[in-house]
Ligand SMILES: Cc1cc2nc3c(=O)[nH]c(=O)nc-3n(C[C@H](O)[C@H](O)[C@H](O)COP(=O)(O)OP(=O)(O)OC[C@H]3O[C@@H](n4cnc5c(N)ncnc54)[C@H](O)[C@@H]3O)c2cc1C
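First comes one chain, alone, set out as structure tokens in the form predicted on its own.
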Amino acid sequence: MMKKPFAITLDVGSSLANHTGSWRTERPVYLDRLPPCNNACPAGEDIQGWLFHAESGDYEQSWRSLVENNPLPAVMGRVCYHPCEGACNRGQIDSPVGINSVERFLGDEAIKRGWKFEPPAKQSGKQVLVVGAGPSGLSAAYQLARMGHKVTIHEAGPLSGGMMRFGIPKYRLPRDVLDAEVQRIVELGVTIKYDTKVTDILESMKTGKFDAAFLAVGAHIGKRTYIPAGDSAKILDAVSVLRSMEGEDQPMLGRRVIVYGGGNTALDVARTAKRLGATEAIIVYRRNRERMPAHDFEVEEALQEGVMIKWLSTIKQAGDSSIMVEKMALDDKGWPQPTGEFETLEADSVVLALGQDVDLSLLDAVPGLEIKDGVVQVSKNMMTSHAGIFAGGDMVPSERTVTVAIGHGKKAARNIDAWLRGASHEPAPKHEVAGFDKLNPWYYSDAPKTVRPVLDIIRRQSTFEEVVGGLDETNALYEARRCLSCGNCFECDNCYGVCPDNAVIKLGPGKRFEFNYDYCKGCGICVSECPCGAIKMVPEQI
């Protein structure tokens, strides 16, 4: 006998009426994606995390979240080149969130209100030597101290900060800001011994009874190039010029200053020369602007201040009051080629800004250490080929920025801590990045980025006052609230409100939501209506 087709009639009031789970081929799942700002930060900051607290007005909690990864937010809010903002999804709607501006606001607020770091719960009994009180060394020392290790920094110079002090002019980084953030690290229990140059790292470790060492010597040696010059020609290097600005005797550069190079240091020297009274500060660079390594905003600031740039030129000879430059032309691969056309420029001094090298002499007595292209080779855990000696910052192959250096210090500290405990540090796996295609930006109205205040041109040309100002609380709060919370649920209730099957369950403030799959039919409306891309559809498991 032929069977009748199976059928069931559902009463609207029946408990089975809305059980639609068997209809699905896909089901929605909540997930956390990695915000692109976090992913782009060389210091590994949880940017979205601290912005969340900032937008609610809890600035101290925001600062404490920030300094979990970076102990120098007031410094970073001034000198970081904010790759986070370049990656920000908001930039595809109107303009990126002013992450760097908010970071500076929090750093300045912490200094103003006297916020301090929490001391470690207990001491480990281990001692770590850090060589160099620059950004990488200070970052590592801070993280190690928080882990309960006794940390001593040996600094060759008379002051802390490394290239933050001796390579970044005061008009970009006021020294009272730098000093305040370093002092907070010292108050955590870190000891800094100044005028203490390490000449033999193994001997220093043995004498001080250190269990491990982190090498963070900055690139303080200016690179030179051969330029035929007369006996009276005044040729200086950029690092020495910027370093001398920290002393009482400022450098005598003259009225006509030529700076040779195309990086940010070249711009810093030229802008410094203008502030010292130079009527002409001319940068000579062998390529064009598109191929200049300096950042665009620094080039613009320099041009505003009267710095001139002579593109496609190279210095061939220097005399006592002039230089000879040759015009260059780029070939089809972008490399500058001589043209045989020459020009004479008047010059009282020539400053070479061609990059910097690291003094690696402290490693001469370490056997088997691998050094390549002037830097120390390290493994993925930041340790050199000699057990217990780690390195970071300018000493290892990497981009040379303050942000990268701070990230190295943090990473090294975690690996040093693990090594001291006889373990290994395994970073947590990263979530997939929350790209713009994962968001539903139609929920966001235009809210243009806040422009930071800038010092007027006249004072910029004649004083070392800070050029770029900070945001006030109103603007900082507005800027924090522009964050889209990419990839992470912020409990907007959209999924709860749009679900046609009442399959979304609210778990309470701060606990987010969960799905009742007995009722979810897999329509995907929750995914299409989630503003931040914190839900996705996955194939149903059969």
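From 1 onward, residues are counted along the sequence shown. All of these numbers come straight from a predicted model, not from anything done at the bench.
Another form, the form predicted in complex with the ligand, is not on view; read the next lines as being about it.
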| property | result |
| --- | --- |
| Distance check, residue 157 to the ligand in the model of the complex, heavy atom within 4.5 Å | yes |
| Contact flag, residue 299 vs the ligand in the model of the complex, heavy atom cut 4.5 Å | no |
| Residue 419 within 4.5 Å of the ligand in the model of the complex, heavy atoms | no |
| Residue 274: touches the ligand in the model of the complex, heavy atom cutoff 4.5 angstroms | no |
| In the model of the complex, the one of 405, 257, 72, 144 near the ligand [non-hydrogen atom within 4.5 angstroms] | 405 |
| Listed residue (281, 347, 163, 110) with a non-hydrogen atom within 4.5 angstroms of the ligand in the model of the complex | 163 |
| Proximity to the ligand in the model of the complex (heavy atom, within 4.5 Å), stretch among 365 to 373, 302 to 310, 175 to 183, 396 to 404 | 396 to 404 |
| Heavy atom within 4.5 Å of the ligand in the model of the complex - qualifying residues of 233 to 255 | 242 |
